[in-house]
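Starting off, we have a lone chain in the form predicted alone, written out as structure tokens.
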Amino acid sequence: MHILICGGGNAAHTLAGILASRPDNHINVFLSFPEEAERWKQGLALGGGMCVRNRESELLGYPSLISSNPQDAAAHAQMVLLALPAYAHEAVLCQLASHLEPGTWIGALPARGAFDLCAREALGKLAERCVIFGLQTLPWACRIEVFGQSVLVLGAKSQVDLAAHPTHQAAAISHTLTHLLDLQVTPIANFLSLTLAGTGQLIHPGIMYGLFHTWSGEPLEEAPLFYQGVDAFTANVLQTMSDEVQAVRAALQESFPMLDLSAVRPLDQWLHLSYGRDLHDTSSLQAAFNTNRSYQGLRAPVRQSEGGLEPDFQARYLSEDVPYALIATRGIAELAGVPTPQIDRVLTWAQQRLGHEYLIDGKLQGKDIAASRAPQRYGITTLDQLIHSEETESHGQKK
């Protein structure tokens, strides 16, 4: 299969090694910056390919092409995988749109909130002749060891949900990715489920809030543990945010009884489903985070300042998961008339730390909504419009 991987970070390294290790795949990698593409080429040449290591084994794959030229990279692509921060999805899709063929499968891992709306706007007319898909989360916890040469997979999820537009293509794409990635990819009913079910939008801003909402500016002695540092207060924040999402789900299903949102699971259920074998203690939400082997040793994002270490509030846990995920869910809640006081507290704190403006007087009416993935940004102002956007199907070709 001809597959185009877009991105140069942890996920792109992992995908490049896994997919290129299969002799029946032809793998291209697109990086927007020529300097980054050159670093990849140099790393691959030095290492003899991309090495993907986990606790039990390792594999080696060598992509066919590394390029910063979108036309060269997209040549013959049957599947496009966006392994990118969500803020880059739109720009990269705009770069690729004129070089992709009708029928191409175009997806993001993870998709974050309202990826279907973002992709359809960026691709323009091509969107109606392609298949758009997204994964709920990244399948692995992974970290680059040597840039362009090796990546360590700390843990893999037991299964990952996938949504597609048009919806009838989800089963075929899930089957293909299950084979390619050697993990269970499960098709779900619609992109609305994927948006509401995105757990990163709860976990990352919620833990950042729990760790640092009272931070006074004093230097940190060290970066605190992130997932394994979840205390009782933070676990309650996460639980309450999850409960609010469940209230949104219930309201939508009451208004639209035929709408399948069964994939929008409570946070504790998602943890058990995704990490069951790696959870040593499931007696509480806090214990599940603290004892998850896949989270072992991962620390909060910090940066060096004049006074010492300080929290990095521009790291992706806020800069990506707030505007491109949690804001989308908050926008849906607003359309549904469901109050979300805990989510609002986290968003109000996060937008101050980011220097952005989304919530004003309890409404999504801040100036930075235009750069978010709130449905309102795409002209959706009613639930009927939102549900209609889910039901409108394109005519992508099966592979």
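Numbers for residues come from their place in the sequence shown, where the first is 1. As the structure is a computational prediction, the values presented were derived from the model and not from experiment.
One more form of this protein should be noted, the form predicted in complex with nicotinamide-adenine-dinucleotide (NAD), which is absent from this view; the next part is about it.
Heavy atoms within 4.5 Å of nicotinamide-adenine-dinucleotide (NAD) in the predicted complex are found in one stretch of 159-167, 324-332, 257-265, 140-148, which is 140-148. Of the residues V92, L225, A172, L126, just one reaches nicotinamide-adenine-dinucleotide (NAD) in the predicted complex with a heavy atom at 4.5 Å or closer; this is V92.
Proximity to nicotinamide-adenine-dinucleotide (NAD) in the predicted complex, taken as a non-hydrogen atom within 4.5 angstroms, holds for one residue of A83, M79, A189, A122, which is A83. In the predicted complex, nicotinamide-adenine-dinucleotide (NAD) sits within 4.5 Å of a heavy atom belonging to A88. Contact between V346 and nicotinamide-adenine-dinucleotide (NAD) in the predicted complex is not found at the 4.5 Å heavy atom cutoff.
Within 4.5 Å of some heavy atom of nicotinamide-adenine-dinucleotide (NAD) in the predicted complex lies at least one heavy atom of N10.
Using a 4.5 angstroms limit between non-hydrogen atoms, R249 is distant from nicotinamide-adenine-dinucleotide (NAD) in the predicted complex.
Contacts to nicotinamide-adenine-dinucleotide (NAD) in the predicted complex (heavy atom within 4.5 Å) from stretch 167-188: none.
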